[in-house]
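Before any questions on how it binds or moves, here is one chain, the form predicted on its own, in structure tokens.
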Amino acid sequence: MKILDIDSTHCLIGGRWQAPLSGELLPLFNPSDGTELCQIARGSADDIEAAVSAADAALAGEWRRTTAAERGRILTRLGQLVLEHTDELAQLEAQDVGKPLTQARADAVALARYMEFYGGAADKLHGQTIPYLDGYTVYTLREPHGVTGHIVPWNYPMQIIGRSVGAALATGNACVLKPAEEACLTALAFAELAVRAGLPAGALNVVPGLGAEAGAALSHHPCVHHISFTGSVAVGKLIQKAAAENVVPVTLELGGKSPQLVFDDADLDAALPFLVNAGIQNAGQTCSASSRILVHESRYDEVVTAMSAKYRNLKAGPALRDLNVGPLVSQRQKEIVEGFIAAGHDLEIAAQGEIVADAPSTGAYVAPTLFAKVSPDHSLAQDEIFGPVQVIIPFRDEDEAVAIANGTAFGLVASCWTKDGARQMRLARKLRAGQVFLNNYGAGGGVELPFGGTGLSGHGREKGFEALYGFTTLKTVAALHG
């Protein structure tokens, strides 16, 4: 398959597109109909070795000599190229991930915005001078780690590449990117656009392949100095163990079970679109999806009725039809989500959406499903489903709401709907989450907003200026001059 005039079966290593050293390929499937979309490289440990060596060479050569201002110009040019190819990138993402076109297009625009943001920030990351003893001048420098590894999942390839690779390049690191084997076409397209934008050879290397092969080789490599991973808790633990062997830092974003709290004084008209959309966007395959809706008992029936009416109008179908919900990324993911729905057989299904009649039977479709009267300790309220499934849970008072909200192993995002300003401030502190939204959810997904979690949601922060600190190491210089 041709992507921006490059071959989908190739890796980008040292500024050159080349076949995997083993010559082996992997099939890539279209989740909308189950057909083979194309083939991609099955990158191996040997390809990762070549990519890390190319990154090392870039750090010893042209990329090291590139000033912060010039790094910013390159990223800004890259952002402009992404905007110019928005439609093509959206088509690739829709076919590759199963994402409705409108959502895929929004992701492409977000990728461009990441490049603009980090392009503008590249020369604004400063050290400090520290008042100290007489006769000393002490200051700090922020320096890149060196070679950074980026293992990116299949649900939001463009956005997650933007927030991790963008920040790493802005701070002068050289990157090795391993995209998910289920969805890597926009990663390849982004790499080609980076070459066209003038990024020096080896500053960005892309090796598709299996997680157990290419991903494991990257996370274990002794010359990788920082690893950024977004994905499952199980794999995140493996990557952290591998990085620990080499004593390198890791940024982990591992998902969540994010609640929205609806109090008795909430503006339901304002809240309703957020209550539903935050759960079904990208077919619920979103780390920050709002899969738990906690509602004060006095408004519970009202919220169930309103959300049910919305759900009954939801339509799932092929990505290019641009409906409310596309397919899940694979048949395997469909089976996982269907297993969760089956686990709720004894619960009340308040409403379900519709899979359109002409959706291919070979597609990975699941009807959006809303459960009511769910116990906070049920698996549907505790485990990350990663599908278009939400549960509505009643609470009696603020203390119980906080206890339920904080009562999972995750802590990524939370939202509170109330007109009580004092309650808003209390909950902002009490809710265990990396982001708390008051009378909104997601704040438009701004690239400026630091993102990450606590507990099983991981550690470290991406997005915003905070990400630049994570991709640098601090050096203290103390000069004794008398």
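Throughout, we count residues from 1 along the sequence that is shown. In this text, all values refer to a predicted model and were calculated from it rather than measured experimentally.
From this point on, the text means the form predicted together with nicotinamide-adenine-dinucleotide, which you will not see here.
- With a 4.5 Å cutoff on heavy atoms, P144 does not count as touching nicotinamide-adenine-dinucleotide in the predicted bound form; it lies far away.
- Shown alone here, E181 lies within 4.5 Å of nicotinamide-adenine-dinucleotide in the predicted bound form, counting heavy atoms only.
- nicotinamide-adenine-dinucleotide in the predicted bound form comes within 4.5 Å of no heavy atom belonging to Q95.
- Contact between S291 and nicotinamide-adenine-dinucleotide in the predicted bound form is not found at the 4.5 Å heavy atom cutoff.
- Contact here is defined as any heavy atom lying within 4.5 Å of nicotinamide-adenine-dinucleotide in the predicted bound form, and by that definition each of S219, L238 and G255 is a contact residue.
- For the options P153, G279, P394, P100, the one in contact with nicotinamide-adenine-dinucleotide in the predicted bound form, meaning a heavy atom within 4.5 Å, is P153.
- Only one of G215, G363, G172, G119 comes within 4.5 Å of nicotinamide-adenine-dinucleotide in the predicted bound form through a heavy atom, and that residue is G215.
- This chain is displayed without nicotinamide-adenine-dinucleotide, yet in the predicted bound form the stretch 222-230 from 222-230, 366-374, 315-323, 108-116 comes within 4.5 Å of it by heavy atoms.
- With contact defined as any non-hydrogen atom lying within 4.5 angstroms of nicotinamide-adenine-dinucleotide in the predicted bound form, the contacting residues in 360-395 are E384, F386, given in sequence order.
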